[in-house]
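Let's start with one chain on its own, the form predicted alone, as structure tokens.
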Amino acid sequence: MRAAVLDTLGEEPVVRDHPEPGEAAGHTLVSVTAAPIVPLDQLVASGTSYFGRPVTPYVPGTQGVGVVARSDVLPAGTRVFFATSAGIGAGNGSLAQRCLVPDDAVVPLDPGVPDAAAAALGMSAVAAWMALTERGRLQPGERVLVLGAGGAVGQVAVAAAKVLGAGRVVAVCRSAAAQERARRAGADAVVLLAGDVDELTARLRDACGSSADVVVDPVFGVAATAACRVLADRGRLVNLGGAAGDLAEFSSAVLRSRTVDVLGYTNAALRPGQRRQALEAVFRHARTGRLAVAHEQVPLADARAAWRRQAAGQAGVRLVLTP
């Protein structure tokens, strides 16, 4: 089969012939129809993540959409979303024509969501959904602040906050294109990520109407510092990533005086049942058009160039490979 194979950590995968997946008890073979390149794929492929250094060569791709080719738990031909541990644990991933995954990592896909759209949402949408519900404990009427709102997690967080009944949703973005994506997702206000932390804090406070109850933060850094300053009493900041840096500065006085929570979240800690329930919720709302991620379909043959575009920050939207 054809696959994007990573031979050297920190470099780009090369599309070439690769051995077919074998058979294993408790595993489902999926014929892949759409597989996104996500930041996690590139992080683990760099060899610098907290998951450790993957053994090469391997096929990256931590998620995808496809059709069941062989399974003991689902009929052949069933359309599914699936997750993998490529680069995190043993085994190959989704950037290939076929992929072997554990049975409990396969979820039947809502027929109303196209393959590429479902792949673009995927686990990024799960992260946004769980950050708002499980970790952020969002209540109807509360105000939500979404950092990095033009990215995949951010777009879903904006839209999902609306679905969950947020009273006001404020998006923080850097580029004009990202701001437009956040507006399309349903943001009530968009704040430019620029200036020093004091300037950003003032703009956030003004846009939120003084404070925010829940902050969804896939970026960290200065944006998280400013966001923490505008948390309401018993507010919650949920961090999902460090796209803008691994460090942020928080005031002890702010944390204590407002009894706020600074929380971490990772999809890696999800139990299979939690992942399934979150995916089902995400795809249910995607079918009605309420949740979506801007994306571009790219042939698997062009995986190397697509990988390079994303690594350089030139993609703009979620890139989805189509074998």
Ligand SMILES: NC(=O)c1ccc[n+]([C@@H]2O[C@H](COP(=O)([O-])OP(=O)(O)OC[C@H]3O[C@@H](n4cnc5c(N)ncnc54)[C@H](OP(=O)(O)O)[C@@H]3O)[C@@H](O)[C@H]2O)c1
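For every residue, the number given is its place in the sequence shown, counted from 1. Just so it is clear, the model here is predicted, and its values are computed rather than measured.
One more form of this protein, predicted in complex with the named molecule, exists but is not displayed; see below.
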Contact of Asn92 with the named molecule in the predicted bound form (heavy atom, 4.5 Å): no
Gln297, heavy atom within 4.5 angstroms of the named molecule in the predicted bound form: no
Residue contact check: Phe283 to the named molecule in the predicted bound form, 4.5 Å heavy atom: no
Partner proximity in the predicted bound form: Thr84 to the named molecule, non-hydrogen atom cutoff 4.5 Å: no
One stretch from 74-82, 148-156, 95-103, 227-235 that, in the predicted bound form, holds residues within 4.5 Å of the named molecule by heavy atom: 148-156
Ala119, Ala212, Leu132, Ala178 - the one with a heavy atom within 4.5 Å of the named molecule in the predicted bound form: Ala178
Full three-residue contact with the named molecule in the predicted bound form, heavy atom 4.5 Å, for Arg137, Ala187 and Thr288: no
Residues within 4.5 Å of the named molecule in the predicted bound form, restricted to 259-294 and counted by heavy atom: Tyr265, Thr266, Asn267
